[in-house]
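The chain that follows stands alone, in the form predicted alone, written as C-alpha cells.
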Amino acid sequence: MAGQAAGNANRKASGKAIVRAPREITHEGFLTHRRSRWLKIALFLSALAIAVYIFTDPQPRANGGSVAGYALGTIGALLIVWLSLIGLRKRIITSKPYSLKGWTSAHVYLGLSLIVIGTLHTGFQLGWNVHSAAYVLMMIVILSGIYGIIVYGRLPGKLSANRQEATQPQMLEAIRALDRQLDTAAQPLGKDEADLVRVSLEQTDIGGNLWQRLTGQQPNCGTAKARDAIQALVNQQMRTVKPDPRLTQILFLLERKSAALAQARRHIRMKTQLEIWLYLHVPATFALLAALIAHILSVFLYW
C-alpha cells in the first residue's frame, strides 16, 4: 500500500495524469438483444414445428385434432397468452434477467414464430368457423405487430428531425402567432383582399380526419388557397406597377404559415403512423384471446 501511494505521488509530482481508455459503449436494440438470442430460439421452435409436421403421419391428413396438431396447438396457445402479457410487463420496473428489452425481443420473435406454429396446427384446413376465426385474428395481430416494428424502426428519427427542437404545442402556437399577424396586416386591405386572408384564418385544418392525418394531405387548405390567390395578385401587379407592399407582406406571412403548417402536418402524420397500429393490434389481441378460449372449449366439449 505504501509503495502504491508513493508511486501515485511520484506520478502526480511529475505532472503526468493517468488517462484510462474509455469503455466502448454500444447501443443494443431489442431486435439484437443478447446477440439475437430470441431470434435463435424462435427459429428453433419453428424448425421443430416443421419437423413435427413432416415426420408425423396423421390420417387421413394433417389436422389440429391429431397428436401433432394438439402439441402445436398447445404451444401456440401458451405463446399467445404469454405474448399478450407484455402490456402488464411494461408496468413493472425491473432489469435482468427479465428486462423489458429482453421481453420485447422475445415478444417480437416468438410472435413471428406463431406464423409457422399456428399455420401447421391448422393443417392448412380453414373454414367458416371459430377455429379459423382464431387463426385469422392471430395473423391480424402478427401483421399489425410487424407494421409496428417497421414504423418504430424508421419514424422516430424522422420525427425528431422534423421537430427541430420544437414541441407540438410550440408548433401550434407559432401558427396562431402568424394568424394574429395576418389578421392585423389585413386590416388596411380592401374587402376582396381581406376576404382572401379570412379564408386562411377560418378554413385551415391542421389535423383533419384520420386519412388526412395519415397522409398529411389537405386538398382544401384555406391557407394554400389564400397564398395562391395573393401570389396571383402580386404577380399581376408586378407586370404593370409596383406591387402593393401590404400584399407582399401578406404573401410573406402566408408563405411562413404554409411552411409552419407543413411541419406540423408532417409531425402529426408521423405520430399517427406510429400510434395507429396499436388501435388495431391491441383490440385484435383481446379478440384473439376470446376466440382462442372459444376454440379450446369447442374442441374439448364437442370433439
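Only a predicted model underlies this, so the values are computations on that prediction, with no experimental measurement involved. One rule holds for the numbers: they count along the sequence shown, beginning at 1.
We do not show the form predicted in complex with ligand HEM, though everything after this point is about it.
> Within 4.5 Å of ligand HEM in the predicted complex, do we find a heavy atom from each of 178, 259 and 268?
Judged in the predicted complex, none of 178, 259 and 268 sits within 4.5 Å of ligand HEM.
> With the cut-off set at 4.5 Å between non-hydrogen atoms, does residue 278 touch ligand HEM in the predicted complex?
Because a heavy atom of residue 278 falls inside 4.5 Å of ligand HEM in the predicted complex, the answer is yes.
> So in the predicted complex, does residue 130 come within 4.5 Å of ligand HEM, heavy atom to heavy atom?
Outside the cut-off, so no.
> In the predicted complex, does residue 169 have a heavy atom within 4.5 Å of ligand HEM?
The answer is no: residue 169 has no heavy atom within 4.5 Å of ligand HEM.
> With a cut-off of 4.5 Å between heavy atoms, is residue 282 one of the residues that contacts ligand HEM in the predicted complex?
Answer yes; at least one heavy atom of residue 282 falls within 4.5 Å of ligand HEM in the predicted complex.
> Which pick from 201, 86, 233, 174 sits with a heavy atom within 4.5 Å of ligand HEM in the predicted complex?
Of the listed residues, the single hit is 86.
> If you check 114, 196, 120, 186 against ligand HEM in the predicted complex, which one has a heavy atom within 4.5 Å?
The residue from 114, 196, 120, 186 that makes the contact is 114.
> For the chain seen here without its partner, which of 161-169, 222-230, 186-194, 105-113 has a heavy atom within 4.5 Å of ligand HEM in the predicted complex?
Single hit among the candidates: 105-113.
> So which bits of 137-160 sit within 4.5 Å of ligand HEM in the predicted complex, heavy atoms only?
138, 141, 142, 145, 146, 149, 152, in sequence order.
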